[in-house]
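We begin with a single chain expressed as C-alpha cells, specifically the form predicted alone.
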Amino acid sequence: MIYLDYAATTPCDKRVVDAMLPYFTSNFGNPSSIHKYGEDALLALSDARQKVADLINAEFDEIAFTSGATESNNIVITRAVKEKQAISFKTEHKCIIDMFQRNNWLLLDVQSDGIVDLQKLEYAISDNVAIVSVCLVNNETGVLQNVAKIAEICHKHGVLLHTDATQGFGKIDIDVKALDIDFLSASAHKIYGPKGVGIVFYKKKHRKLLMQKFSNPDIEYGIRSGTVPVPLCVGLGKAAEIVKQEMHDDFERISRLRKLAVSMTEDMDEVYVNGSETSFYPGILNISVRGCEGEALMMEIGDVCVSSGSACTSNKLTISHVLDAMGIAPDIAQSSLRFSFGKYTTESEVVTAMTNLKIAADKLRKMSPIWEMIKKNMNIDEIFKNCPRHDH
C-alpha cells in the first residue's frame, strides 16, 4: 500500500512509541499524587509541556493538554464567546462548521483561492463579536492563511483570535508571539504522535476565560478536568521535539514531492490544482480530474491511500463544502482528490500514485458521458445544479 493521506493521520514515530512505553508500565504514576511515582509522572508531564511550548515559542504555562484539536476548538470558542457572536469561515474544518451552525454564529465567504477576504472580515466585526476562528492551514486544500494580518485586524477591534493550527503544527514554523494569536489548537496524531491527545495554547492573560467553574487549578490550569494521560502527553512532547529538529528538512523534501506530483499532471487535460498558487503548505495537494468522480478515482488508482472531497451516499453525489465555498464549479469539485505527503513518503511512491491516476482517469473518462459532454463544449451546469454539499 502507498499511504498518501498524512493530512488524515500519521503513523507513530518509533521514537515516540519508545518514549511512551515506560509510562504505561513501570512509570505509571498519577501526576497529582505526592509520592515518588506521582513526582516522576509530573516531571514527565512538565517536560512534555515544555517541549510543546518550545515548538511554537510559547511559555510553559500557556499550554494545556486536551484530547485533541476538536476538543481544544470547542473549549476556546464556546468559553470565549460568552453571550456574544463568533466569526469563522465557510472553508473551515467540519468540527468548526458544525459548532457554528449549531449556535447560529457567522460563517464568512472566502476568496476563490480559499484565502480569507480581509476587508470582508473587518466589515463583519462588530461590538457584538467576541472571537474570530480561522484555520492556519486548510485540511483539504493546504491553503495557508495570513494569520498575523488577521490577528492585527481582530485586535484593532478588541476581538480575540483563535487558530486551528492542526495541519501546520510541527510542519511549518509557528511563533505564537510573532503571530500575536490569542489561542491555538493542535493534535499529536498529525505529527507522528499518538491519537487521543492535543493541546490548547492561550495567552496567559486569557486563561481565566477558559477555566471551568469550580475547577481544580492544579489540573491543566483548571481548563480540563480528569486524570491527565501521561503516556500520551509524553508522546506528544517527544513528537514535538522530533519535528522541531526535522521540520525544515522535511518541508524541503515534501515541497519537491509536491512539485513532482503536479508536474506529472501537466500533460493531462482538464486537471486543476485547487487552492492558492502562492500561499499553501506543500504537504497537501488537492487535484480535480474533470470528468471523473472523486471516489471512483480512489477505487481505480490501486493500492494508493488518498482522500476524496466527494462521496456517493443515498444514491446522491455530494461535494466538498470547502471547494463549494471557494466557488469551484460542482463538476470540478466532485472530481477532486486530496494527496497529502509526509516524512515517510518517497519519490517512487509519488510517481506510482500519479501514474495510476493517469491510467484511472483515462479508463473512467472513456466510460463517462459527462466527459463526452465536456469535450463537446456542452453546458453541463444543469446536471450538477442541485448537487448536495458534503463534509468528508
Ligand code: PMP
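What you see is a predicted model; the values in this text were computed from it and never measured. All residue numbers refer to positions in the sequence shown, first residue = 1.
Keep in mind that the form predicted together with this ligand is not shown, yet the notes after this line are about it.
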| request: Considering this ligand in the predicted bound form, find the one stretch among 220-228, 90-98, 268-276, 246-254 with heavy atoms no farther than 4.5 Å from it. | output: 90-98
| query | Out of Gly68, Gly342, Pro330, Gly29, which one falls within 4.5 Å of this ligand in the predicted bound form, going by heavy atoms? | reply | Gly68
| Sole residue of Ser288, Asn73, Thr141, Ser320 within 4.5 Å of this ligand in the predicted bound form, by heavy atom | Asn73
| request: Tell me whether Cys135, Gln167 and Ser187, taken together, all sit within 4.5 Å of this ligand in the predicted bound form, counting heavy atoms only. | output: yes
